[in-house]
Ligand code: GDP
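Presented below, as structure tokens, is a lone chain in the form predicted on its own.
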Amino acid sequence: MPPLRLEFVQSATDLAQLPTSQSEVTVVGRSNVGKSSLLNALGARKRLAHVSNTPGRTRLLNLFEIQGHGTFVDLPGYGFANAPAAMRAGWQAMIEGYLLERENLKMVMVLVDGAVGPTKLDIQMLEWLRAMGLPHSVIATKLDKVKPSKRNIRKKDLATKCQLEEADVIWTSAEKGTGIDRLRGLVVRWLS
């Protein structure tokens, strides 16, 4: 599948500041899980989204247009972030407001660090999405960081902890490009 033609549109602190969208996917995950790296891989562009070694650099709702398909929203990460406590507290309300009120949200991509496995916060996010009835898929990032001899065990363990079948978890590596074509196809399908 060719790279998604992604273009940055705008950042916002509130859902009301975003333009309407006929069809939208979003990405959530803990800080430093690789949201920006994955976005760059989907668009095959190194600097589409800023990649930082410091957790918590995504602090706004960042909207990108996927030409010919819909929009993609990158949300702030949850968990540890190098930001003031008051700012981090505001992110939860911003994220929940977006997820609950965005009318044409087709899929929430929940990124889980494949090398670490789901954290308590990842499990809480999945439980919350299920309780709210929001469509979601688990994307395991950083497959390249998992030793090949440990991958089958890691895949089974991660799926079990997320209460999913192994085949329901989409494994990716933004670094190596693994699973990116498959995820591009899924994003296009979700937006259709």
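Throughout, we count residues from 1 along the sequence that is shown. Everything numeric here is computed off the predicted structure, so don't read it as measured data.
Although not depicted, the form predicted in complex with this ligand is the subject of the following passage.
**Q** 121 to 129, 154 to 162, 60 to 68, 138 to 146: which one contacts this ligand in the predicted complex at 4.5 Å, heavy atom to heavy atom?
**A** Comparing against this ligand in the predicted complex, the contact stretch is 138 to 146.
**Q** Taking heavy atoms and a 4.5 Å cut-off, does D168 contact this ligand in the predicted complex?
**A** Outside the cut-off, so no.
**Q** So in the predicted complex, does any heavy atom of T26 sit within 4.5 Å of this ligand?
**A** The answer is no: T26 has no heavy atom within 4.5 Å of this ligand.
**Q** Closest heavy atom of E175 to this ligand in the predicted complex, within 4.5 Å or not?
**A** Result yes; E175 sits at the interface with this ligand in the predicted complex.
**Q** Looking at the partner-bound form in the predicted complex, is V33 within 4.5 Å of this ligand by any heavy atom?
**A** Flag for V33 set to yes.
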